[in-house]
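A lone chain, given as structure tokens: the form predicted on its own.
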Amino acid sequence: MKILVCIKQVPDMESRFKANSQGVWFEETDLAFRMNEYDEYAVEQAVQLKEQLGDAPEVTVLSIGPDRVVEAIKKALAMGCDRGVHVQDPAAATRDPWQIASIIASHAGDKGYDLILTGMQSQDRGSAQVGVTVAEELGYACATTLVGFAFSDGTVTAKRELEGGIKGVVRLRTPALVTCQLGLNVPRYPTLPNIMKAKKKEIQTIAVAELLKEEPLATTVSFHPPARKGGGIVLEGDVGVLVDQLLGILKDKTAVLR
């Protein structure tokens, strides 16, 4: 059995964000980066399946981006993946979901992967389009927003998170692709011995030009923070006084009491 896990390296959400000078993405100079949280669930599920099946499956982890994404690939290898594929693309951050999906599908097209796992969405763009587009390109069965996973005899049983707290259960015959939601599992921390083992695992580097043949279907026109609005007013004091102050403000500055 061959499994592919697609991961993305994203800015740490605790970073200070600002638009770059071109106005099309973040200024990356001062950003810290980490593996996309949703993708960690995908990696963990792939490794759990490998353990369930007696280490028979080969788990490949793929990431698209500049040299720094190798760190995310190494973490996935330390978690238990077998080999890595780095699609070298300095402009990955500006690719639209169609192009990213096309790159993955081009790689996977002749590899015979039985199962592909991705995160539900990335924490930076949040389009939730890449996984389902890859499935469509490859003709794979697809289930999204997984919070439960089981595999037996070539069939994936997927519990999906729907609206209003409702859960749905679907079964997919492989080859299949699933996208992973928060709560699917608890991603493991790489141990020191596994980090050392990961250093000996293969990471294949492929130039993006070998895989990307598609023009973007969407381009970023403007990328900027929301316009600043006026500050609020903080009222302090006794409740009776505050009520009078609030009524005065509502009469003078709004049309609420007119």
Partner chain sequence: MKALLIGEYRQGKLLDSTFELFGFAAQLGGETAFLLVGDETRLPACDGPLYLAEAAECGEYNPDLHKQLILQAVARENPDFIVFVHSSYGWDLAPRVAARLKAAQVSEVIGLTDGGFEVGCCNAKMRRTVKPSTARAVLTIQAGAFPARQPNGTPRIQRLAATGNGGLEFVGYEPAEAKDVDLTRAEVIVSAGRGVGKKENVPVIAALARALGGELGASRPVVDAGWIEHSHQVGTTGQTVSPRLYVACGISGAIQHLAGMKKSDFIVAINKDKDAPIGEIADVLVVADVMQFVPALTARLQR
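The model shown is predicted, which means the values in this text are computed figures rather than measured ones. Numbering follows the first chain given and starts at 1. In this text, the rigid core denotes the largest set of C-alpha atoms whose superposition between the two forms falls within 1.5 Å.
Only in words, not in the display: the form predicted in complex with the partner chain, which the text now covers.
**Student:** Mind checking whether each of 159, 166 and 170 has a heavy atom within 4.5 Å of the partner chain in the model of the complex?
**Tutor:** Yes: 159, 166 and 170 each sit within 4.5 Å of the partner chain in the model of the complex.
**Student:** Would you classify residue 214 as touching the partner chain in the model of the complex, given a 4.5 Å non-hydrogen atom cut-off?
**Tutor:** Because a heavy atom of residue 214 falls inside 4.5 Å of the partner chain in the model of the complex, the answer is yes.
**Student:** Counting only non-hydrogen atoms and a 4.5 angstroms cut-off, does residue 48 reach the partner chain in the model of the complex?
**Tutor:** The answer is no: residue 48 has no heavy atom within 4.5 Å of the partner chain.
**Student:** Should residue 233 be classed as touching the partner chain in the model of the complex when contacts are defined as heavy atoms within 4.5 Å?
**Tutor:** So residue 233 counts as contacting the partner chain.
**Student:** Give a yes or no for residue 99: in the model of the complex, does one of its heavy atoms lie within 4.5 Å of a heavy atom belonging to the partner chain?
**Tutor:** It does not: once the partner chain is placed as it appears in the model of the complex, residue 99 has no heavy atom within 4.5 Å of it.
**Student:** Suppose contact means any heavy atom within 4.5 Å; which members of 180-211 contact the partner chain in the model of the complex?
**Tutor:** 181, 182, 183 sit within 4.5 Å of the partner.
**Student:** Align both forms on the core first, then report whether residue 238 has a C-alpha shift of 2 Å or more between this form and the one not shown.
**Tutor:** Shift of 2 Å or more: yes.
**Student:** Following rigid core alignment, is the displacement of the residue 248 C-alpha between this form and the one not shown equal to or greater than 2 angstroms?
**Tutor:** Passes the 2 Å threshold, so yes.
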